[in-house]
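Quick setup: one chain, the form predicted alone, written in structure tokens, and binding and motion questions come after.
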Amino acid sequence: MRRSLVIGSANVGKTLFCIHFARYLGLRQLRWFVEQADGTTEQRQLAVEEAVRLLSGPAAHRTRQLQTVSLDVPRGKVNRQVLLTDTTGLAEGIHTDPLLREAMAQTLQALAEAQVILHIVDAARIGTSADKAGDVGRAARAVGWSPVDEQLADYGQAVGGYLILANKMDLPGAKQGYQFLRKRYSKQRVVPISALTGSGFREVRQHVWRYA
């Protein structure tokens, strides 16, 4: 079974995307397989609403392990089963918290093994910064599009299952951020989504099915 890895910086909406994408595919109860950085594992079963309340939120680095849910991804009459894996938010430099350093190392190891990479970016943050600065390119490099994102995008060019998800399209400024991403990565596919409302999920489903 192939792994679809959801990756990106902290607070871009990775966990909320995983929960709502699973709901979009028909799940109401999510059975998570949780892999801790120290090698221990556990299973958690949560209803969608409970998962949103307990696992997502504005605090940075709430996710400190790999959390995977098995999904049936339909297209026409054919279903493909994939493992959708949520990850710890990546950050620049060496984090002061040793547990977060281990969690980020775990994320990078999973990245090397994944068949599908869904790279989530906060398009609203990029676009809002661009509005304030008056220069979308300069602002996006400073806020919302980090060197970590740059490295992920460069890595993704060599991976067939890589996709950039411009998240938070329900918020002001996101359209400008999406346009920046399309221009900067014209050779990559960039899909505008909202992890909150589910917009764009059809295109994500098609991509995951194709590479699953």
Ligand SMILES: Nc1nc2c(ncn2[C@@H]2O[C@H](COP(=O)(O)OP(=O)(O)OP(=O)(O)O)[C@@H](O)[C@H]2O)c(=O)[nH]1
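Nothing here was measured: the structure is a model prediction, and the numbers come from that model. Position 1 is the first residue in the sequence shown; the rest follow in order.
Below: the form predicted in complex with the named molecule, not depicted.
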State yes or no: in the model of the complex, is some non-hydrogen atom of N11 no more than 4.5 angstroms from a non-hydrogen atom of the named molecule? yes
Using the partner position in the model of the complex, report whether G39 sits within 4.5 Å of the named molecule, counting heavy atoms only. no
So, in the model of the complex, is A59 in contact with the named molecule at a 4.5 angstroms heavy atom limit? yes
Using a 4.5 angstroms cut-off on non-hydrogen atoms, would E50 count as touching the named molecule in the model of the complex? no
In the model of the complex, the residue from V204, V190, L16, A22 with a non-hydrogen atom within 4.5 Å of the named molecule is L16
Of these, 177-185, 145-153, 28-36, 62-70, which stretch puts a heavy atom within 4.5 angstroms of the named molecule in the model of the complex? 62-70
Taking the named molecule in the model of the complex, which residues of 158-177 have any heavy atom within 4.5 Å of it? N167, K168, D170, L171
